[in-house]
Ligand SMILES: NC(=O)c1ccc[n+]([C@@H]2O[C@H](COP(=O)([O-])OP(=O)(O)OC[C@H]3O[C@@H](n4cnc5c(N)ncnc54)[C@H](O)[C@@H]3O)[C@@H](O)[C@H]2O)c1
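Heads up, the chain below is alone and in the form predicted on its own; it's given as structure tokens.
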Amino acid sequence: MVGVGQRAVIARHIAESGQPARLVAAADPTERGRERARAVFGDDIRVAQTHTQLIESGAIDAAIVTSPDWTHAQIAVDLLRAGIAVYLEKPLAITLEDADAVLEAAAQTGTALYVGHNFRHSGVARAMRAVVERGEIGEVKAVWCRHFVGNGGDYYFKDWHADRSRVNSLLLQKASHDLDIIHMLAGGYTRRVVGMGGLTLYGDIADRRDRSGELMEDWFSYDNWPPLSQSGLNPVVDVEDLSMVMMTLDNGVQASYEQCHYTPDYWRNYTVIGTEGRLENFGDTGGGVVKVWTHRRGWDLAGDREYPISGVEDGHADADLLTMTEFLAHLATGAPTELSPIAAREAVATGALATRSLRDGSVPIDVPPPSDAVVRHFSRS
């Protein structure tokens, strides 16, 4: 385990995966992180300050990287070049250039790389994909996603996530899940983007503090409402809290994504429109539903068909387990993976270049594909 912060608990799924693997070591540059490693995973694991110390030990087969976003690329490249398989928490990197560097390292060394886009394994994503694959709405022509990030003030504006030098944009950190699902549902990858948005609320809050050593669970509360009453924001707040992206995909599908970090509710809503109907989700965890309309009429909430969304009713522990199991099964048996590093790269490419567009007058930007060598490598793996 490299980086023992909020997401490090995904390593608990190793024991539940049914795969022949166990956690033997953890690295974190902070004393609190190393203490957390012992508290969460037991005193019998080896604890180090850096990932390079774990590499030098020669005793590591694979690593789960949950360090902060801006460190992903260098850590992943070091591990891959040392022949250590990598589970890399999303996003793959915070720039397109770094994302490509990670994929090139994996292709050159042949070392296994897996990016934790767990949302592909969520119940809502699987339900929507099933509707599309059954042809219920015909050929997909448009995908829209509205993301109401009701916990945004607590999740993203009180620590390094608020600092664009650390995260680049929440169109990477937060939206990479949804951009990936848009690509999955549309059956293609974005090749032109236009971004719009701004820091429209949290920049007006003057109460700031350094929360080094703290985790989100230390300050999160639903009582932190309304948004302008938030206190203790990160000393640097320069990422957008409201953003929109328009996309043209390589297969002609048109898509859009909207994100707001100060809504009262927290969920994402997809609409997928095809040549013979449309689908829309109501709720994005267990207990929600995906509805399908395939006949002409006026306003009708019921739709023609309705499919329940399976899984947990809060969070994504079920998707995390499936993701970790897939990674470990790939290492143990060579089983193919559903999650693709190419898809992870395309989510970063879309988010990073949409951010560039947003900050440069909303000019359209073409999204380059990965290199032929990288595509060939991951097509075989």
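Note that this is a predicted model, so its numbers are computed, not measured. In this text, residue numbers run from 1 along the sequence as written.
The form predicted together with the named molecule is left out here; the points below concern that form.
Trainee: So if I measure heavy atom distances to the named molecule in the model of the complex, which of the stretches 340-348, 326-334, 39-47, 62-70 falls within 4.5 Å?
Mentor: The contacting stretch is 62-70.
Trainee: Which one of K90, R191, R164, K291 is close to the named molecule in the model of the complex, taking close to mean a heavy atom within 4.5 Å?
Mentor: After the contact test, the surviving option is K90.
Trainee: Exactly one of V236, L215, A101, M196 has a non-hydrogen atom within 4.5 Å of the named molecule in the model of the complex; which residue is it?
Mentor: Only one listed residue qualifies here, and that residue is L215.
Trainee: Closest heavy atom of T30 to the named molecule in the model of the complex, within 4.5 Å or not?
Mentor: The answer is yes: T30 has a heavy atom within 4.5 Å of the named molecule.
Trainee: Does the 4.5 Å heavy atom contact test between G116 and the named molecule in the model of the complex come out positive?
Mentor: Yes, G116 lies within 4.5 Å of the named molecule in the model of the complex.
Trainee: Taking the named molecule as it sits in the model of the complex, is V132 in contact with it (heavy atom to heavy atom, 4.5 Å or less)?
Mentor: No - in the model of the complex, heavy atoms of V132 and the named molecule never come within 4.5 Å of each other.
Trainee: Is H147 close to the named molecule in the model of the complex, meaning a heavy atom pair under 4.5 Å apart or at it?
Mentor: No - in the model of the complex, heavy atoms of H147 and the named molecule never come within 4.5 Å of each other.
Trainee: May I ask whether R120, L170 and G283 each come within 4.5 Å of the named molecule in the model of the complex, counting any non-hydrogen atom?
Mentor: Looking in the model of the complex, the three residues R120, L170 and G283 all stay beyond 4.5 Å of the named molecule (heavy atoms).
Trainee: Looking at the named molecule in the model of the complex, which residues in 231-252 have at least one heavy atom within 4.5 Å of it?
Mentor: Nothing in the stretch sits within 4.5 Å of the partner.
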